[in-house]
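A single chain, nothing else alongside it, follows as structure tokens in the form predicted alone.
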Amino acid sequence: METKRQTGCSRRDFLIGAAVLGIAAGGCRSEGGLFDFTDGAPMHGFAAPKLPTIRVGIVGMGGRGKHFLKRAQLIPGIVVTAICDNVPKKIEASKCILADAKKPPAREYLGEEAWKALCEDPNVDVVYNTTPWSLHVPVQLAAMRGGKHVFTEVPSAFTVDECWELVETSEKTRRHCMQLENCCYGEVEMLTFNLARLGMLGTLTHAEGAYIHDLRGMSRSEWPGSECWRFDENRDHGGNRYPTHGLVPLCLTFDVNRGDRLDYLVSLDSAQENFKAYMEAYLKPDNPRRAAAMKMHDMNSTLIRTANGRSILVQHDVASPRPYTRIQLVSGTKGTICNYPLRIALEEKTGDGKAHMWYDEKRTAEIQQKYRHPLWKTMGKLAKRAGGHGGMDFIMDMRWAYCLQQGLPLDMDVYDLAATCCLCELTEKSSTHRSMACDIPDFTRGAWRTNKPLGIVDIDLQKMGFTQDRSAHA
């Protein structure tokens, strides 16, 4: 019997009817079944005019916003000119951070919808969006329509239609729209990227990524109120609601949207036992959360096939008593690398048997040191001092700031955001319909065939204003 395969395009039942001749068409709409173009232009490889001084407005001054505010004080050329939240004490705490760093005060936006005014502020070039998930898309759209570049915590969108709207708005406004996927800048993720680029893994065929993180504690009544929204998301949605940490680094390594693309997926949910058991054990009998029917199952496993025939396994589990892992396995014709813990196995020539066992710790450390990605060579020491998930947050922020200051394309664009965030909807759709196959839209509209892959990038610290006594070299 033929496997049912459903499109993931939602209302945009689009047709790719135009040849890609060096540049892709602007936008794509299909209301009424007609394919036409917006007045925009493709954003892959887009470089905005240089911004030597980057005026940043932060929306959401909770944990992620506050941590970025602290990191921003260490990056030459970034000036935080606006802060926004609906909780007064978070604004006050942010003001103290700026005062302690002897920085000028930022304009304050306080209120449930104050972010709308910040997105219109003429003294803001970049909106840094660290809001709860329900505001990710509205803030991004308002920022771009207000003439700002926008960087948003993950996932940056949750439905196929939202992804299309972000793509089209970025193309129309000619503003960067990038998800803040810090895991792309993790030391092992970048080592993996480097080994792949240098050909040491051979022809890449398979990858595995995950977000496995025990978050059962969020269901307890004493969990901070600002985080209750995440419990609600797990109550209301199944599938993989947080695909980007495990997937996006693999997509960059696989040249997704740059020579390959995500084609279709199948998704499977396990039973839900752990949230239920946890709430029964820890919540009082009258706590309404005890009666919640959690749609987020213990484990979601999603298999993706790319247009070039490669496979990716992505897993999501925020309910099981398991140690944290993102797995990050990449396998090719010459060997394999996997994290948690870091393991490497390479063949010197085909079939020599040297990849039957992982290298010992000494050999693994030698390879890690020899083939460390240039970004980690350049500023690994400073990044670890600055903190933020082992330094990857700092490297991520340094890299986009450097690109804006130098007028370079960003490492990730709105098409990367859309191709990965649309899995939030598609995995839930597949898993609730007996793992039916779902097409993943081609948000590049065919341009993935000619888009240039991301190279092995670096940062010139002197161009950013770092002096010798502030050296970031490891």
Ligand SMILES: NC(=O)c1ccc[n+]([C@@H]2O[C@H](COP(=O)([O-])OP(=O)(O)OC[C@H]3O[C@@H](n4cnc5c(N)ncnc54)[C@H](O)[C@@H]3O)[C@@H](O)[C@H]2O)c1
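Residue numbers run from 1 along the displayed sequence. Since the structure is predicted, the reported quantities are computational estimates derived from the model, not experimental observations.
What comes next is about the form predicted in complex with this ligand, which is not displayed.
Contact annotation: this ligand lies within 4.5 Å of heavy atoms from the stretch 81-89 in the predicted complex, the single such stretch among 81-89, 199-207, 100-108, 400-408.
A heavy atom within 4.5 Å of this ligand in the predicted complex is found for one listed residue only; from H176, H373, H245, R261, this is H245. For the residues A419, V59, L69, A447, the 4.5 Å heavy atom test against this ligand in the predicted complex is passed only by V59.
Although the partner is absent here, D255 lies well away from this ligand in the predicted complex, with no heavy atom inside 4.5 Å. The shortest heavy atom separation between H149 and this ligand in the predicted complex exceeds 4.5 Å. For the chain shown alone, E112 is a contact residue for this ligand in the predicted complex, at least one non-hydrogen atom being within 4.5 angstroms. Using a 4.5 angstroms threshold between heavy atoms, R230 counts as touching this ligand in the predicted complex. Contacts with this ligand in the predicted complex, taken as any heavy atom within 4.5 Å, map within 120-140 to T130, T131, P132, W133, L135, H136.
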